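Single chain ahead, written as structure tokens, the form predicted on its own.
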């Protein structure tokens, strides 16, 4: 029975899992979950995961949630090249350090900018206030500076000369606001050079395939008009602005 991956490539964690499986030639069945339609809250997906988030891995009777856990599982089971998640204690610790940090930094702030620039206007028909937008972009810029100064420095990749899971997770998160037209690489030559190296290591074709939907985020208004606005999205917007 083939490995099943439940994914929506609008999601950064889903893209990291998709890319990792693709570039390491790990066979899997792509099980599409349309987040914009609220399919994660449907009865069928609920049988797979009560957490109701993607990505989800199903390997026979074994079900695993959380993208970082899935990446580590795939690396171990399929014995991917050591540089992805090194056996060396200190190199692995550096990967883990970044993966722990990014949740409340690049991921949080990049996602907020994506919502403010892409999702909210598509849903409400009106832009987010300049004050809220400026604050969100300021937080993202601060996280990107920390990423360059602390985690990247002058190295080709986060842990040295070779790409790792840390770089993979970083690039999909940083690309999220780019999909809304905010070029976070502009004026950042170190970050831009790192992005180019990561894309080359992953393969430009598969990288672009993974990010195709996010680079077409301007189609969201038509998507919501066609499918209707899911209740979960209404609730999320209420929490965001209350």
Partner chain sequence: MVRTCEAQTRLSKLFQKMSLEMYLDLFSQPCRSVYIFAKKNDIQFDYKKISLFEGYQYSEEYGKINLLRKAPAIKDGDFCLAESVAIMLYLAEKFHTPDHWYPADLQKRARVNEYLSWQHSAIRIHGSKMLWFKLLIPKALGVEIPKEKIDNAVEDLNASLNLFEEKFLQDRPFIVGDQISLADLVAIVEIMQPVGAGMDVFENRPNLKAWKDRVRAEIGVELFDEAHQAILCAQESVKTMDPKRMEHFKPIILRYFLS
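Not measured: the values here are computed from a predicted model. Numbering follows the first chain given and starts at 1.
Heads up, the form predicted together with its partner chain isn't pictured, but that's what we're talking about next.
Only one of 118 to 126, 154 to 162, 167 to 175, 134 to 142 places residue heavy atoms within 4.5 angstroms of its partner chain in the predicted bound form, namely 134 to 142. Distance criterion of 4.5 Å from any heavy atom to its partner chain in the predicted bound form singles out 68 from the list 190, 68, 26, 213. With a 4.5 Å cutoff on heavy atoms, residue 130 does not count as touching its partner chain in the predicted bound form; it lies far away. Proximity of residue 32 to its partner chain in the predicted bound form: non-hydrogen atoms within 4.5 Å are absent; the residue sits far from the partner. Interface residue remark: residue 83 is not counted as part of the site for its partner chain in the predicted bound form, having no heavy atom within 4.5 Å. Under a 4.5 angstroms non-hydrogen atom cutoff, its partner chain in the predicted bound form lacks residue 41 among its neighbouring residues. Within 4.5 angstroms of its partner chain in the predicted bound form, the stretch 144 to 162 places a non-hydrogen atom from each of 146, 149, 150, 151, taken in sequence order.
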